[in-house]
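Presented below, as structure tokens, is a lone chain in the form predicted alone.
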């Protein structure tokens, strides 16, 4: 039976009765998020830099960055697993933190309804930062999860929305941390002495301790971690990635039996146009244009490299053995010797993002950067980019263009 004296307004202190809410519970969750969200922000910026967004408009899905692009740099090719590690951490950690984030938001719900809206300038800043923090957190996590699971379901570019959303969210996060950190540290040092507006004046009977609640949150995070992290590995571990779009068994068997981002059917590739008698690679540069059949490419010096495929959605493969012609050797065919330039690569692909991509000179010059014709000792399958695809160490998967039709070397 409802207590007739119970407050009916969410702005009333006694409305929120959970005995779990309090400065200690909120502070512990806050410290976990302080570390986790900082890592997410940094790995997100690093992931964006990996696309070489200031190299060519086709690589840049976030135009007009202004001063927000101050940190961009030429993306390296060493270590060759760099992007695989970065994006695996970014996506896996983001999903793992969801229970912590939800628990943290639940723990501070009373503050969203507190009146008056501002008691002082510092309090006003804290309230604004809290509203931006809550809205930004929900936006970033929801859009990130939807992009991983459903692949570009947004009315605008996911890259643009996630990029600018990250800066707004992290700015609010920094302000909130600066304002609340003294209280957090004081609470953790003297947990029994600290009380604030999160503690209900008329708490309900407890059904679980605060430490038990933290164990529950941690268990949820551990479960999400265990059902996501496997997408970064091949074999049995991938089957544990129940919540990841590229979890489960590897597709097919044999040398081409590893994960695929876009199938040939999705990209609108007609198998007839990739045949030996039809397909030609057009290479343009300083000295003109050459057209190469596949058999002519096979007569050029062939090199091998063990490199993974790693995508922005967080999934990756282990190292696959690729064999083909070095990009630097193709640059030499059109007038570039020891100092190969940037290259603009175009695909036969008809639908989907990144039909075109640009690679920096350092990526072209790396001896492991190939126009691959074989993988794991067998010709590329159509889904893996036959008749030829780009493979570059440490590059995001979408820059490893499949079904290559044209390569233009020189200033972009």
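Just so it is clear, the model here is predicted, and its values are computed rather than measured. Numbering follows the first chain given and starts at 1.
As for the form predicted in complex with a small molecule, it is not shown, yet the points below apply to it.
Only one of 244, 213, 97, 311 comes within 4.5 Å of the small molecule in the predicted bound form through a heavy atom, and that residue is 311.
A heavy atom within 4.5 Å of the small molecule in the predicted bound form is found for exactly one of 61, 355, 360, 386: 355. Although the partner is absent from this view, residue 261 contacts the small molecule in the predicted bound form, with a non-hydrogen atom inside 4.5 angstroms. At a distance threshold of 4.5 angstroms between non-hydrogen atoms, residue 347 is in contact with the small molecule in the predicted bound form.
Although the partner is absent here, residue 25 lies well away from the small molecule in the predicted bound form, with no heavy atom inside 4.5 Å. Of the stretches 252-260, 119-127, 166-174, 222-230, only 252-260 has residues with a heavy atom within 4.5 Å of the small molecule in the predicted bound form.
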